[in-house]
Ligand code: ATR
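Presented below, as structure tokens, is a lone chain in the form predicted on its own.
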Amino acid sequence: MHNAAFAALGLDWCYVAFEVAPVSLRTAIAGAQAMNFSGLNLTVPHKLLALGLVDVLDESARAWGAVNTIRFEGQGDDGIWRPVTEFDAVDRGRPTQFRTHGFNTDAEGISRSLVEDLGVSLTGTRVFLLGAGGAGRAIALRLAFEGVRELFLTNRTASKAEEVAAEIHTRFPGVRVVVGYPTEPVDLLINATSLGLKPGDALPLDLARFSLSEVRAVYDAIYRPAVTPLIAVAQAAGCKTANGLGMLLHQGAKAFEIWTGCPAPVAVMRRALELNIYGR
């Protein structure tokens, strides 16, 4: 989607992927900065680790507790920090200092996708969230920020869900948070775990403890395959469903704008994703 967006705007940029072990993340960030990269995206398992590795955290990263986008910046003689790509255009000079600036675009991405793809208005709703890791934590905090009435959290490691619940209780005291399965119907179920990425994965929830007939809409943050095991059983139960393509699109569009300073061509990016992921 990024390369399609660069081409659409006539930018001589290129987006490439690298596999980096967590133990090498600090070195990888420094290497990309040394090679004059404009910025980076980070995916699991790097989003939480990066909080302690960047020089400056944007309010979005502080608010949602994870970094998925980094912008490399330089400080000129005037003391102003700018994206490194701006320096040639600004004064043909070079920065005197450099820094890494961490952002989170996941939270905004999930909000926009839920509205566009499911027509869900979060204020006053009851939500069941599966997963409290990097993406799950950001989603949980965003849901609380958007004013959900009740939020039920589960995670493979229960202590992570309890930590997120405690943070929400402190920051958003008007939201009722329960660690565990709902005992009554909910408006929305969200899967923020990795279960469903691999063929043969189990469902991310126990249907013996919660029936999908008790939820109106199901959102799976996984986008490949298009129909995950969770979405398949949710559709069979009559739920309205959406996968994570919209979240991927909108977090990417926001990152594009952070790096380039240009409005993202969202329609171009969506089409590129659909062609690349689904071949249609």
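For every residue, the number given is its place in the sequence shown, counted from 1. Computed from a predicted structure; not experimentally measured.
Not pictured, yet referred to below: the form predicted in complex with the ligand.
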property	result
Contact label in the model of the complex: residue 149 to the ligand, heavy atom within 4.5 Å	no
Residue 100: touches the ligand in the model of the complex, heavy atom cutoff 4.5 angstroms	no
4.5 angstroms heavy atom contact with the ligand in the model of the complex for residue 109	no
Distance check, residue 135 to the ligand in the model of the complex, heavy atom within 4.5 Å	yes
Stretch in contact in the model of the complex with the ligand, which is absent here, among 163-171, 191-199, 100-108, 70-78 (heavy atoms within 4.5 Å)	191-199
The ligand: the contacting residue among 96, 183, 121, 157 in the model of the complex [heavy atom, 4.5 Å]	157
